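The data below hold one chain only, encoded as structure tokens and taken in the form predicted alone.
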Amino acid sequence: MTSFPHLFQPLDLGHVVLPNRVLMGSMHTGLEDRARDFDALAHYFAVRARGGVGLIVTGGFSPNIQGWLKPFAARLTRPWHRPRHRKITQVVHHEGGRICLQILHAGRYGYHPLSVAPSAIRSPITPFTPHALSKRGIEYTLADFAHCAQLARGAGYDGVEVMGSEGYLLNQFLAAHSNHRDDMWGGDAERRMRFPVAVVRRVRQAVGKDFIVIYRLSILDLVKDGQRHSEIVALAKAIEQAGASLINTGIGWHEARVPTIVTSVPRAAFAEISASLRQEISIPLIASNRINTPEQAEQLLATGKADLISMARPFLADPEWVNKARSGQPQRINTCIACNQACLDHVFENRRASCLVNPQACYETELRIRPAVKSKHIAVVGAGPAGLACATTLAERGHRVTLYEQTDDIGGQFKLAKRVPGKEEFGETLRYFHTRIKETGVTLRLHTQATVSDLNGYNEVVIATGVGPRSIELPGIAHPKVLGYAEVLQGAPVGPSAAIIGAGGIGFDVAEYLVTADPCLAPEPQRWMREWGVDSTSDAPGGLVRPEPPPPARKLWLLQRSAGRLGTRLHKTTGWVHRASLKARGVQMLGGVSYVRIDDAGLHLRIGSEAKVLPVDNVIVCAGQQSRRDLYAALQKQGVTAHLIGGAERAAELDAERAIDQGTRLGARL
């Protein structure tokens, strides 16, 4: 028996039975682009197959050179490419899994001068204007999709997924936004859908009936002049008739100005749209986007909103997600917090993907957690992200670990982060580490400030004491209206107006907290959609309507010393969301600021030659952090060797990705 009966119900596709309703969605890792990385890629997929997922979809492989995401990116176009792919399919099948290859043609999203598209319209996310496909070029491209699918079958894949969403080539044909043709492949909606339908038909003809063909369909474009819902329904029916086995759902184009997968998007925000499409087709429909727990997945299946659930990043966070859910132990799942910091941010920077909460992701062959040759007695001081990762990794390997924490609970800066609206998911990581501490046998000592004498007798000492707010020198800094960011996030009263000194990640987080009327209230899908101008019930082009942001709870100024736009150092795939959210709520963002003094009148400053006074009730200092190293320095004086990790080793911006990675790697090495 299972706690999630719908999630673990088999699905019969006629020629194959999937053991459960969980699909590991496609995600580019950076290992796909070079033949020398395929051994690591195969191991990455094998670990997830062993973890129990019903069906895996690879990252995108292009069917031709024009469809590259970037020069020399992943493709499957020649017979001699098949042996490297067999490494993947053989190990996945050995682990009892099934895997489909995603065929992805980038279209105008290709970051190279050979890119092609329905029309010669440059996308806002690449510097290259694509060549408009000729009629002959369209025929060649159709043949290339079919040939790629044949090669995939020959390489041992169980099926293919045709990528028709997220604004890639097939999606570009479907929308008037990017298809300005007036021939048989453009014009009205019926002609615009001909190309993707023809792709599916050709693919099915090429691979036969006993092969899975998934079509990834954009059910919400979220761009101007995108598809209407009625057009999407018609497309889904045509795709079914063309021979698709399954329809997977995609939300939003990469150029859309509405977030779709960041942590501030409510869980399963788009499930109702999937549900409305499911009623229109007879083949199974897969729901996706911001689904990360078995409880949530079970509910979507039980209420008939989908037939399968697609998750990508959750399998970076925990490859054993399915096995843990099946065994009735969801509390043991290392939940994806949708931060994007080590996965999508890395991919868009041409780096290998990984995971903030699981540094082993995509590094399975390099970062191995092996039993210790000899058990040691090890002290870890500080139960923030770095200390938690290190302590539990050490204990998993068989060391005897004591974890010291001077406050009343674990978490460090994560305890503050989870209070920020849109970052509630960070609390899931702390829940996971609470479970890990118990199951690995770490001795946790809360309310204990470790001293040098406490640490005598340990074989190894790890200092993970984290950071504290950096103080600034400014006349009036001791004024009662001045608060630190930690005080604010812990609930200190703040008046109707405030100025925030410092526009790094913490400054933006504090601003989100202060403009939100009830920062403790979890986001609700319909309220969130109104805020961002998404209407899933009308037939509006692209699903876009006029945004209705909630009124700000306070009048805010967000300030930085350096000139230029604020937030340029925020993470690539999430920074724009923070800037757009605060702008919509009227936050004044000022750069090139010189701070003069703080007094009863407010914050005195200069911008260039202009003197200004911001008549605020409070001034919030978010001017960075400094490492807490007092204990480390004292140990050094006593001649005790200690390992320094996390914020204690380097403060900078709060960097949980580096902290957890450092802690895990040290824990694997000692």
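What you see is a predicted model, and the numbers here were worked out from it, not measured in a lab. Position 1 is the first residue in the sequence shown; the rest follow in order.
Unshown form predicted together with a small molecule; subsequent notes refer to it.
Undergrad: In the predicted bound form, does every one of Ile472, Ala503 and Tyr595 come within 4.5 Å of the small molecule, counting any heavy atom?
TA: Per the other structure, all of Ile472, Ala503 and Tyr595 touch the small molecule.
Undergrad: At 4.5 Å between heavy atoms, is Asp661 in contact with the small molecule in the predicted bound form?
TA: Heavy-atom contact with the small molecule at 4.5 Å: absent for Asp661.
Undergrad: Within 4.5 Å, heavy atoms only: does Thr249 come near the small molecule in the predicted bound form?
TA: Output for Thr249 is no: heavy atoms all beyond 4.5 Å of the small molecule.
Undergrad: Examine Leu603 and determine whether its closest non-hydrogen atom to the small molecule in the predicted bound form is within 4.5 angstroms.
TA: Leu603: no, not in contact with the small molecule in the predicted bound form.
Undergrad: Applying a 4.5 Å heavy atom distance criterion, does Ser562 contact the small molecule in the predicted bound form?
TA: Because a heavy atom of Ser562 falls inside 4.5 Å of the small molecule in the predicted bound form, the answer is yes.
Undergrad: Name the stretch: of 505-513, 113-121, 376-384, 227-235, exactly one has residues whose heavy atoms fall within 4.5 Å of the small molecule in the predicted bound form.
TA: In the other structure, the partner sits against 505-513.
Undergrad: Can you pick the one in Leu31, Val616, Leu644, Ala623 that has a heavy atom within 4.5 Å of the small molecule in the predicted bound form?
TA: So the residue touching the small molecule in the predicted bound form, by this definition, is Ala623.
Undergrad: So which of Gln413, Ser165, Asn289, Asn179 reaches within 4.5 angstroms of the small molecule in the predicted bound form, heavy atom to heavy atom?
TA: Only one listed residue qualifies here, and that residue is Gln413.
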